[in-house]
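Here's a solo chain for you in structure tokens, the form predicted alone.
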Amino acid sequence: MRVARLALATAASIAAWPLAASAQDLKIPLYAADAHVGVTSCGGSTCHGAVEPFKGSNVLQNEFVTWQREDKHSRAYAVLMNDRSKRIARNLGLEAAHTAKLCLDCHSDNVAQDMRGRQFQLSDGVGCESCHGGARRWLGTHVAGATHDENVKAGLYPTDDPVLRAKLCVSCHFGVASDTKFVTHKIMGAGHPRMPFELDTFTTIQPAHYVVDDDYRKRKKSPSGVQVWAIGQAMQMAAILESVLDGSRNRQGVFPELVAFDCHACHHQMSQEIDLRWQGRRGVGLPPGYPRFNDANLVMMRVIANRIDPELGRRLAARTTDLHKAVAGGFDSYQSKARDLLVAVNDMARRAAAHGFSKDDMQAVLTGLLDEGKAGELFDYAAAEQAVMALGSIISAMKTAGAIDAAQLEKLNAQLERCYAATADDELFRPGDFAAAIEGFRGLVR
């Protein structure tokens, strides 16, 4: 929970994502057709490599320096050289982490050899073109002063679009784009850390290399944090369900791919009475002993849907329960229910992308989260973790929208600190402590 503490059939799943028709087939930069010229092409002192922001410029122009000095993405390749990465590589039978495609596809800008320009260096890690797209076609127009739309038409990846940003981020932070970009249970068993993610929180804690001001809003999309959060929840769950339905990566012998299940349903201490904490959940319906599908994103989505489309909320809830119960049945039933749920998830993604989220919506969603906590649906650590990040996003968006005053904001943030403390360590997580912390918001919401 340290991340939050700082605040941020298969083909059908891809086709059904809520992309505009022109972006339906847009590939993330790793798989697009444009060559990558290297981060130094962006790092000139008169381009994006200034030490300090330029006065009078509509962009900061110190973006390269911010990335190099402050952004962990710039050190993603170097991480592959540390002792933990070496151990993971040995456990997986790899020659080395820094040469294995399995690792490089997320820890670097690992485009094909014939797509690398003269100044390209794999050791630059996750650089400019990893997110903004290979610059072969758009660099010239960009330097010449083209508009954002013109650059996008020339191949710039539109990260300002929250749906496409989610598609890009989730490709590594869960692994929807390829079976090589997928942190499986096997990889985690070899030592890879757990991969929590929430789009708005992670956007917020990303070292900012842009300012959302009036000029930015004229040129690019600037959705509210609540909308980004809602879209991210749906897109991540679509990625998880797509992996469940992908025959090339959804089985480990007699087991399903367990990375889609709740880690803490199995991985917790069993020797002390305080840790024998199984309890039934209304939205699951399984008896003790069954691994729980990780439905943290689904709980968040249900809260959102209950506000913007109650019928969709009921459908999500019913299909979530059906998927949970299918775990106790056969594998074919599990996949069938996952396919049914994916349809509802994609509907949710489209609705979230089209919904503006008013002040009243934000208030209702916040209240909905509290109701889920009171009903015991945030009992699992993964759901509590997502709920804390959600609370941070909603409170921030309410502040921006003028929905709360300074005094109320101070009280909400103080209560948020209690929630952060209750989820600070997954191994020490106590559901009762978290339930009390989140219920403490009740009197502050009006």
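As the structure is a computational prediction, the values presented were derived from the model and not from experiment. Numbering starts at 1 and runs along the sequence shown.
Missing here is the form predicted in complex with a small molecule; even so, the following discussion is about that form.
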By the heavy atom within 4.5 Å rule, which residue out of Cys266, Ala318, Ala375, Val143 makes contact with the small molecule in the model of the complex? Cys266
Pick from Arg75, Lys153, Lys359, Arg251: which has a non-hydrogen atom within 4.5 Å of the small molecule in the model of the complex? Arg75
Within 4.5 Å, heavy atoms only: does Pro193 come near the small molecule in the model of the complex? yes
Pro291 versus the small molecule, in the model of the complex: is there a non-hydrogen atom within 4.5 Å? yes
In the model of the complex, does Ser243 come within 4.5 Å of the small molecule, counting heavy atoms only? no
Given that the partner is absent here, does Thr159 sit within 4.5 Å of the small molecule in the model of the complex, heavy atoms only? yes
Tell me which stretch of 334-342, 295-303, 309-317, 196-204 has a heavy atom within 4.5 angstroms of the small molecule in the model of the complex. 196-204
Check Glu63, Ser108 and Asp262: does every one of them have a heavy atom within 4.5 Å of the small molecule in the model of the complex? yes
